[in-house]
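Listed next as structure tokens is one chain, alone, in the form predicted alone.
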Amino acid sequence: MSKKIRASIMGGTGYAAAELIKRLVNHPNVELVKVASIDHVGKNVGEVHRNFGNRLKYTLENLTPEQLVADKIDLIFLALPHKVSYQMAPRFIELGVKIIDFSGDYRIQDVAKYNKYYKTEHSNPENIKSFVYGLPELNRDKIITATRIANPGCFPTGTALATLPLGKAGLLNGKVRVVAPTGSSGSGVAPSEGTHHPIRFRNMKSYKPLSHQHQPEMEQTLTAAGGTDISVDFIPMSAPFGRGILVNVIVDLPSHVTEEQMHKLYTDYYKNSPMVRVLPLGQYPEIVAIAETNYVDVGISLRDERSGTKSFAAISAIDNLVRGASGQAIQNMNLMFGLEETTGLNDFGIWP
């Protein structure tokens, strides 16, 4: 493409915004126009996100949707908290600009479930169905023609990518059990008891067991992937590292399936998905292998347990700030604007 995508960000001070800025300024087909924020107004982005130093020109500005669109942008990234995006998105919709929303405000199609889990009252539920759920491995064709994307949550992304092949094969039924330790950056930039270093660095704990706000998003996504009567039991865990999620999914499968068959099912499903790497049998994902990248590693294991069923474990590792947020948003942007899906996302991770 010859003309660069003119993109701006609303909500520029969070960890996901820092990752988004970094990747947009290095993207060969994007011109990052402005970064809007109600916090740290007047500061250079390098004063807030210190990895940028003094290398970037962007000043954090308190801008309205009208002011941002006046710069003739093609795309707005709403890197805003839940319950704030639904206040801003309607005006961008009226102004006719393409949207990629990072919050949970437009992911869940059942507004009653959204209101229950997010403890709010959605102010414009009529707009929810106009957003495409931005999981490329499930909705690639819809994303290509979309004008509004609901960027998936981090836990639902890891869970879905561990289980999508089961849905297509008709093997995703009933109870799905998910246990997922996550890094402290998933709690956001604002300090809290749960992210306080003296407690976090040598600790693990479960939080919001069976009641996390991502649970209905998981059930909706797995149903859309071909699952039937899906009920997710989800236990997130606070883990002593900065970024990354290790998602462990356990389901029951028929006794006739073999581990080799399941591995082939996964490799076949993801053969045209450049950001998902299915590991060889006997190897399992590690966070350090995908940290700071948009790649997802997936591994499987199968065990004989009871008469008539086998226990199947699918494990995925993702970086919560990249594939769980900003990297996935860029992957969606690439598809929306007719670019190669992996543009700006092919970097190697850290090791160790």
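When you see a residue number, it is the position in the sequence shown, counting from 1. Everything numeric here is computed off the predicted structure, so don't read it as measured data.
Note that the form predicted together with a further copy of the same chain isn't included here; everything after this is about it.
Peer 1: Counting non-hydrogen atoms within 4.5 angstroms of a further copy of the same chain in the model of the complex, say which of 95, 199, 257, 111 makes the cut.
Peer 2: So the residue touching a further copy of the same chain in the model of the complex, by this definition, is 199.
Peer 1: Which pick from 82, 263, 243, 148 sits with a heavy atom within 4.5 Å of a further copy of the same chain in the model of the complex?
Peer 2: Checked against the cut-off, the match is 243.
Peer 1: Select, from the options 27-35, 323-331, 65-73, 50-58, the stretch whose residues sit within 4.5 angstroms of a further copy of the same chain in the model of the complex by heavy atom distance.
Peer 2: Residues of 50-58 come within 4.5 Å of the partner.
Peer 1: Taking a further copy of the same chain as it sits in the model of the complex, is residue 15 in contact with it (heavy atom to heavy atom, 4.5 Å or less)?
Peer 2: Yes, residue 15 lies within 4.5 Å of a further copy of the same chain in the model of the complex.
Peer 1: Is there a heavy atom of residue 269 lying 4.5 Å or less from a heavy atom of a further copy of the same chain in the model of the complex?
Peer 2: Because no heavy atom of residue 269 falls inside 4.5 Å of a further copy of the same chain in the model of the complex, the answer is no.
Peer 1: Would residue 305 sit within 4.5 Å of a further copy of the same chain in the model of the complex, counting heavy atoms only?
Peer 2: Residue-level check for residue 305: yes, a contact with a further copy of the same chain.
Peer 1: Would you please decide whether residue 125 lies within 4.5 angstroms of a further copy of the same chain in the model of the complex, comparing each non-hydrogen atom pair?
Peer 2: Output for residue 125 is no: heavy atoms all beyond 4.5 Å of a further copy of the same chain.
Peer 1: Can you list, in sequence order, the residues from 220-257 that come within 4.5 Å of a further copy of the same chain in the model of the complex, counting heavy atoms only?
Peer 2: Contacts from 220-257: 230, 231, 232, 233, 235, 237, 239, 240, 241, 242, 243, 246, 248, 250, 251, 252.
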